[in-house]
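This document contains two forms of one protein chain, each encoded as structure tokens and listed individually as structure 1 and structure 2.
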Structure 1
Amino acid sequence: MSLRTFIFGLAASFGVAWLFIIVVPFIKMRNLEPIQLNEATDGTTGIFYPKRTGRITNGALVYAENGCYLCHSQLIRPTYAGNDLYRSDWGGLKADPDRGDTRRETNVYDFSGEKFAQIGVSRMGPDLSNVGLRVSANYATGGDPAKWFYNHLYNPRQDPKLWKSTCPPFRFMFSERLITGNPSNDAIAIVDDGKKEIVPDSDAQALVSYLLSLKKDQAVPAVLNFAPPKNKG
């Protein structure tokens, strides 16, 4: 084999993969076309635009900085590639009080407002693409979902059932401060015989606002709605 063939072969084997795994998806996803809603399948007309509220940009940064993506995915895979859609409340709620079963696969619009789609590296912990809704509906019933998140970040082993949780505590995102007057609304604990309170810092607030924005609660156009077949699961 001549050196020329070798170099050409090397460039082709890495180049083709780079083109199709990096360049083509990048170009396609950078310029997302608005989706036209279809009267027949969506029951309405107009343009679909993803709704998301919260401190998404800086919350996503805190999420990235603290390596949450190392253990948590944000990707509900198609059923041919895994059983994510059938895991309890991962891809939407199985029994949404208003809309019934809202589970569906992830689509690119789910990452709107984020610089990177943090699909994750491994799945040590549960998928977080619907964690905002899951926590509000299942864990923090009646309570404040933001408080649930603060407590989890402060001490993931607080719940006796999760005494072995390997989710790291992120206590450096909280401060202990002296109570003057009444305790603050977002205090997660009162310590030191009622003299001090533990409150989330701005990083924890941004992160929790971001986690709360991870909700699969919006109806998406039929062309994007890869939901499980209604007769199964």
Structure 2
Amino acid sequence: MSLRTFIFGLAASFGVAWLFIIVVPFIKMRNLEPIQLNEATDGTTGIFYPKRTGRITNGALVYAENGCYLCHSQLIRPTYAGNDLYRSDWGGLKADPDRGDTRRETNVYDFSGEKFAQIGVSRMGPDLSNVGLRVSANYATGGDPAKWFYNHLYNPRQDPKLWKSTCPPFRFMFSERLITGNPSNDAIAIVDDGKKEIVPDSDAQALVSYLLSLKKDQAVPAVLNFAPPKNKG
């Protein structure tokens, strides 16, 4: 084998993979076409608009800058590739009080409003596709989900249910502030014999707003819903 043939073969091996894994998906996803709703399959007509509220753009930037994607994914895989849909509330709620079973797979429209799709590198921690919904339903029941997130970022093992959490604390996103009058509504703890309060900085606020926006419970058009049929029984 000549050096020229070796170099050509090496370039082709990496080039073909790069083409189909990076270039083709980028071209197909950079300008997503609007989806027309179908009366027969969706029960309504019009255009499908993905709904998300929160500081998505700058919150996603804080998420990326602090390496959250290194330990958390945002990708509910199809059932032929894993059992993500059947893990506890990863793909949605199995028994939503209003809509029943809302579990579904991830689709490209779930990343609408973000510059990059935060699909993640590994799963040292749980998938976060529905973490805003999951926290509201399971952890912050009757309380403030944002306050729960702030406490979790400050001390991930504070919640007895998460005593084995490997998530590092992000205390650098919080500040100690002298209390003048009553503690602020944003305070997560009172320290120094009641003289100071711990409050989230702007990065923590943006990150929590972004995490709260991760609620993939919106009903999607039939052409995007590849989840297995729901068990009516």
Ligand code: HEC
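The term rigid core refers to the maximal set of C-alpha atoms that superpose within 1.5 Å between the two forms. Residue numbering: sequential along structure 1, first residue numbered 1. Note that the structure is predicted; figures quoted are calculated from it, not measured.
Legend: structure 2 corresponds to the form predicted alone, while structure 1 does not.
After superposition on the rigid core, the Cα atom of residue 25 is displaced by less than 2 Å between structures 1 and 2. In a rigid-core overlay of the protein, residue 12 has its C-alpha displaced by at least 2 Å between structures 1 and 2.
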